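One protein chain, two forms: both are listed below as structure tokens, the first as structure 1 and the second as structure 2.
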Structure 1
Amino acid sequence: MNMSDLFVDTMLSTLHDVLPIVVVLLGFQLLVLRQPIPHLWSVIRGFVYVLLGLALFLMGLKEAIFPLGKMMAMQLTDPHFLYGAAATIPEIIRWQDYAWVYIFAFAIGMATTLAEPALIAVGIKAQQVSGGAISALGLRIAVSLGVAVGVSIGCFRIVTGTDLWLYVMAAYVVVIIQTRFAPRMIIPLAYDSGGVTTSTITVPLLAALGLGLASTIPGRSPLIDGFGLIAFASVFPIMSVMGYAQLSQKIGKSQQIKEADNAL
């Protein structure tokens, strides 16, 4: 497919995504609310930007980053890479053999989440609404760390073949305990960031990694074990965002104490 075809194709599929939203918004604005749209011109321009931007973004991902990322995921999980040229997978798999996979999962989880457009949007809103008490970049780094840790643990799970629900439940218990102690302000945002993380870039790359792992390790089913990485990427950010708030509260407190000391 050449570039212009690909662009038209991506543009059409993006339009297909945006159209239902525009219909719902316009329908309610004109038929139910019956009000003129404020700053109509700037809203139209905004929608055109969003449409064009998303199409370009997706096209660039499809063209450049996905093929390379998927190839790398396949190569890193390939027995040739893991066990040398002899390329026989040993009877008993040691989870340590997959060290590079965990590191790659961590790094790619972190990097893609930092560039996730939906998360950038939530970050902007959070900073705005909290009057700067929550920093957009701080929130995004916390979420990215959560995804990074979650995805590497998810890969460990596929390698060792342990049950998915055990991990998810353990994670829920930690989330519940943290909710008790985290600053109240951060809780809704932390819960939201679980769902935000996995939209455009992260899902296809993670799916490739999970599939690569599950299809090369004997005894794993690509269909059953390949899924589940996304679940990790959605639970761990909840913990890391609450952790980030707890940490910055602690640091803030000790600074206040220091300042009070200095004042004396």
Structure 2
Amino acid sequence: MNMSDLFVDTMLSTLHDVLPIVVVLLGFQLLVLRQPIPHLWSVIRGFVYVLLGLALFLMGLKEAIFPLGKMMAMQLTDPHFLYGAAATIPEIIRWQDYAWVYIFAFAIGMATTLAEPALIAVGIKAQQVSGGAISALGLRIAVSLGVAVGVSIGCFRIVTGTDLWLYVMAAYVVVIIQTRFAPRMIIPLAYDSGGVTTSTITVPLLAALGLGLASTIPGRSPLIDGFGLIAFASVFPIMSVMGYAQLSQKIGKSQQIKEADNAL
């Protein structure tokens, strides 16, 4: 399929996916609220921009991002890369031999989350609503670190072949404990931050990375072991955001105590 045919096909598919959203919005505006659509031409122009942007983005995912993520996973787990062309390949998989996989997982988790449009939007809104008490950049960095650590641990799970539920249960136990002690203001935002990470940029790359690892590591099943990275990318940002809030609160109290001591 050439590029023009791919664009038309993707555009039609995107229109099919977006159309129900438009129908719901217009239906409520015209039939329930019984109000005209304000700035109609601006809305139409924005809708066209959304279609074009989504179509081009999906083309980029299909043609470059998804294949690149899978290719990187395959190259990083290639025995010649891990052990050298003349080295003896061990019969038993050693998790420490895949250090570059964990480093790549950390870096790609950090980079994709920082570029996630949904997280950027949530960060801006959180900063506006909180009056600057929550920094948009600080929130993005905290969420990105959580995703990076989570994806690295997820790759470790794929390499070792351990059960997913052990990691998920342990992670949510930590989340529950943190929820008890974290500032109330940050708790809902922290839980929402876990959801916005699993969006347009992060999901395709993590899916490609997980499937690529499970396909190339001996004894691993793409169906059983290849999925699960997105779960790690959802729960670990909750921990990192609440941890960020707790640390900020502790630093703020320490500064207040110092200022009080200086005043005396």
Partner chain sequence: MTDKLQPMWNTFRDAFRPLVEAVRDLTPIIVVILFFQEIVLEQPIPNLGELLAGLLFVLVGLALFIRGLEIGLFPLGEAMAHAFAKKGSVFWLLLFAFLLGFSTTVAEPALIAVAGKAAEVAAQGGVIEHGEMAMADYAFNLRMVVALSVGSAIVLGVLRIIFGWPLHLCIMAGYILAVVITYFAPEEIIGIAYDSGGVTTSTITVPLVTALGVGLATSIRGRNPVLDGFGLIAFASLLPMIFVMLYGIITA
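Start at 1 and count along the sequence of structure 1; that gives the residue numbers used here. Whichever C-alpha set is largest while still superposing within 1.5 Å between the two forms counts as the rigid core. Keep in mind it's a predicted model, so treat the numbers as computed, not measured.
> Out of structure 1 and structure 2, where do we see the form predicted on its own?
Replying inline: The form predicted on its own is the one given as structure 2; the other form is structure 1.
> Superposing on the rigid core, do we see a C-alpha displacement of 2 Å or more at Ser240 between the two structures?
Replying inline: Shift at Ser240: below 2 Å after core fit.
> Quick one: once the rigid core is lined up, does Phe47 have its C-alpha move by 2 Å or more between the two structures?
Replying inline: Yes: Phe47 shifts by at least 2 Å between the two structures.
> What is the Cα shift of Ser13 between the two structures once the core is superposed, in angstrom?
Replying inline: Residue shift at the C-alpha: 4.0 Å.
> With both forms fitted on the core, how large is the C-alpha shift of Pro36 between the two structures in Å?
Replying inline: Between its two positions, the C-alpha of Pro36 lies 3.7 Å apart after core fitting.
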